[in-house]
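Here's a solo chain for you in C-alpha cells, the form predicted alone.
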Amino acid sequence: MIHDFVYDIPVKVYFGRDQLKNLGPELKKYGKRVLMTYGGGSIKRIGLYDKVVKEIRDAGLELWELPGIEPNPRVSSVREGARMCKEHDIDVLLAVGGGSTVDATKWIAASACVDHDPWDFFDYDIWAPVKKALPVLDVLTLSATGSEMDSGGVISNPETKDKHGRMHPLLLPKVSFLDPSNTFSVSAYQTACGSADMLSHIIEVYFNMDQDLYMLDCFMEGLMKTIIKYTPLAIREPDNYEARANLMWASSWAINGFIDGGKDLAWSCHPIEHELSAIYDITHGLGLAILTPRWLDYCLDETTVSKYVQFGVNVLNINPEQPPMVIARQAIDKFSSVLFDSFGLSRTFPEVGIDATHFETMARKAVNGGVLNGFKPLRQADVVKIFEACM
C-alpha cells in the first residue's frame, strides 16, 4: 500500500568548507541578540569557536553563551538556557556542536516561550503542548543524530531516570551549517557510535512489512551502504573529506522524514535504548549497536524473513541463491560484524558496565506499560529477553 503524505522540510542547509561566511547574515534575519550553546569545549580546541564568534561580532550582533551541554543532554541545561533567554531577551539561538547540543537548544527555544518547567514537555502525564519556539540555527560538528534537519530532540532527566524524545515542526532548525571538516577531530569511537545511530534511524523505518514505495527502500539501502562503506575509512583517516562528507549528508537524510513516506510505524530500538542511557548514561549510538542485532534476531520468523533477505542481498551483498532463513541469519551475523568488527564497538552489556539489575524496570518503561508496536509488537517480557540476549 502506498500512503498519502505531506513532506515539508524547510531547513536551509549550507554544506561545505567555506559556508560560515553566511552565518552572520542568516542570524540577522531573526534578530540581534544571540544565545550560542555548545558542549565541553572541543569547538575551542579545533578553532571553530573563534570563527563563529568572529562571524557573529562582524555582523554587529550581541552574543551570550551557554557552554557545557552534556552528551545525553539534561533537562537542567534546558532550564538554564530558557532562563538566559528570558533574562536577556534572546531573539535567536545558535547551537554549535553535535546532536546533543542541537537537541537541547531546540527545547531551550520552546521552553523560553512558556512559564512552566521544561520537563512538562516530556512528562507523559502532562505532555505540555508546543505553541511557540524561538528560531534555532546550528553549526554541526558530529554526524550522528540528524537533529540538524529534523524536528525532534531527546532530553534526559537524571532525577527521574527518564530519557524521552519528542518532535514538533516548530523545532526544525531554520538554517544548518554542515562543514565536514568540522568533524575531522571526532574520535574513532564517536565516529563509530554516530554511524551506528544513523544506521538505526534507517533500520527503524526499513524493517517493516508494509509494501509501499520501492524507491524509498532503494534510497534507504543506498544510505546504509554509504555508511557501511565510509565509516571505516573515516576511522582510519579522520581528515578524509570524502568520507566525512558522505557521513554528514547521510546523517541528515537518515532522519529528516523523507524515508518515512507516510508510514505510521513506531520505532523499537530507540525507545529501548533510551532506557539504557537514562540509567547508565552510555553513548546512545553504542547502546543501539549492542541492541539492534539482538532485536533483529528476536523479530526474525517466517512472517518477517523476506525483509531480512532484501536487507542481506541488497545491502550486505549476500548470495541470494540460498534458502531465505539462511540468508536472514547471515544478514544478522554480517551486520553484527559491521558494528563490532568493522566499526570496533563493544558487543555486550557487561563490556560497558551494564548488568541485569534494571532489566524489568527499563523494559516496562520502554513499552510504557503496554505494547511497543514497531516492526514486531513487543511487550515488557519481549524487551527483557532482548536485554538478556545482550549479556
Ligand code: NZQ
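Residue numbers run from 1 along the displayed sequence. Small disclaimer: the values here were computed from a predicted structure and weren't measured.
We do not show the form predicted in complex with ligand NZQ, though everything after this point is about it.
Enquirer: Mark Arg45 yes when one of its heavy atoms lies within 4.5 Å of a heavy atom of ligand NZQ in the predicted complex, and no otherwise.
Expert: Looking in the predicted complex, residue contacts with ligand NZQ include Arg45, since a heavy atom lies within 4.5 Å.
Enquirer: Would Pro71 sit within 4.5 Å of ligand NZQ in the predicted complex, counting heavy atoms only?
Expert: Although ligand NZQ is absent here, Pro71 would touch it in the predicted complex, with heavy atoms inside 4.5 Å.
Enquirer: May I ask you to state whether Ala144 is within 4.5 Å of ligand NZQ in the predicted complex, using heavy atom distances?
Expert: Yes, Ala144 lies within 4.5 Å of ligand NZQ in the predicted complex.
Enquirer: Does His270 reach ligand NZQ in the predicted complex if we count a contact as any heavy atom within 4.5 Å?
Expert: His270: contacts ligand NZQ in the predicted complex.
Enquirer: Among the candidate residues Val75, Val186, Cys85, Val205, which is the single one with a non-hydrogen atom no more than 4.5 Å from ligand NZQ in the predicted complex?
Expert: Only one option qualifies, and that one is Val186.
Enquirer: Which residue, Gly81, Gly312, Gly98, Gly257, is the contact with ligand NZQ in the predicted complex, using a 4.5 Å heavy atom cutoff?
Expert: Checking each option against ligand NZQ in the predicted complex, the one that comes within 4.5 Å is Gly98.
Enquirer: Pick the stretch from 123-131, 258-266, 99-107, 223-231 whose residues have a heavy atom within 4.5 Å of ligand NZQ in the predicted complex.
Expert: Careful reading of the contacts points to 99-107.
Enquirer: Taking a heavy atom within 4.5 Å as contact, would all three of Val154, Lys163 and Asn182 count as contacting ligand NZQ in the predicted complex?
Expert: All of them do, each having a heavy atom within 4.5 Å of the partner.
Enquirer: From first to last in sequence, which residues of 187-219 have any non-hydrogen atom within 4.5 angstroms of ligand NZQ in the predicted complex?
Expert: Those in contact are Gln190, Asp197, His201.
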